[in-house]
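Here we start with a single chain on its own, the form predicted on its own, put down as structure tokens.
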Amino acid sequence: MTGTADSGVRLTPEQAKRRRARSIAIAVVLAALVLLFYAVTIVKLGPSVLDRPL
């Protein structure tokens, strides 16, 4: 590596906009999956898991 800043890929504004939109969509889907897995876990364990002594 030479360390020059110009060696990277240049994106057009349209490509950058699409990349950002795709990244946001992936983040939303990932967050939805996390919430889904959390909800399924709570449902499978039952509501009594919240009443346990600490």
Partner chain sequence: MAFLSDSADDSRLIASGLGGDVRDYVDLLKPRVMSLVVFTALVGLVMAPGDIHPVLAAVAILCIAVGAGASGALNMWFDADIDARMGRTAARPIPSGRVPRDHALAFGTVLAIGSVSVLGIAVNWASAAFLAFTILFYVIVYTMLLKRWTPQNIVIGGAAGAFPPMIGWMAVTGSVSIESFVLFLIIFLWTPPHFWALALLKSDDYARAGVPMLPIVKGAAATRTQIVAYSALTALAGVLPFVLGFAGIGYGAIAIVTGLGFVAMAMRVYRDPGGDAARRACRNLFGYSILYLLLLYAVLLAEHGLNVPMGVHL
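Positions refer to the first chain, counted from 1. Note that the structure is predicted; figures quoted are calculated from it, not measured.
Quick note: we don't show the form predicted together with the partner chain, though the next part is all about it.
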Inset, instruction - Determine whether any heavy atom of Ala25 comes within 4.5 Å of a heavy atom of the partner chain in the predicted complex, and answer yes or no. - result: yes
Legend entry - Ala31, heavy atom within 4.5 angstroms of the partner chain in the predicted complex: no
Legend entry - Residues within 4.5 Å of the partner chain in the predicted complex, restricted to 8 to 29 and counted by heavy atom: Val9, Leu11, Gln15, Arg18, Ala21, Arg22, Ala25
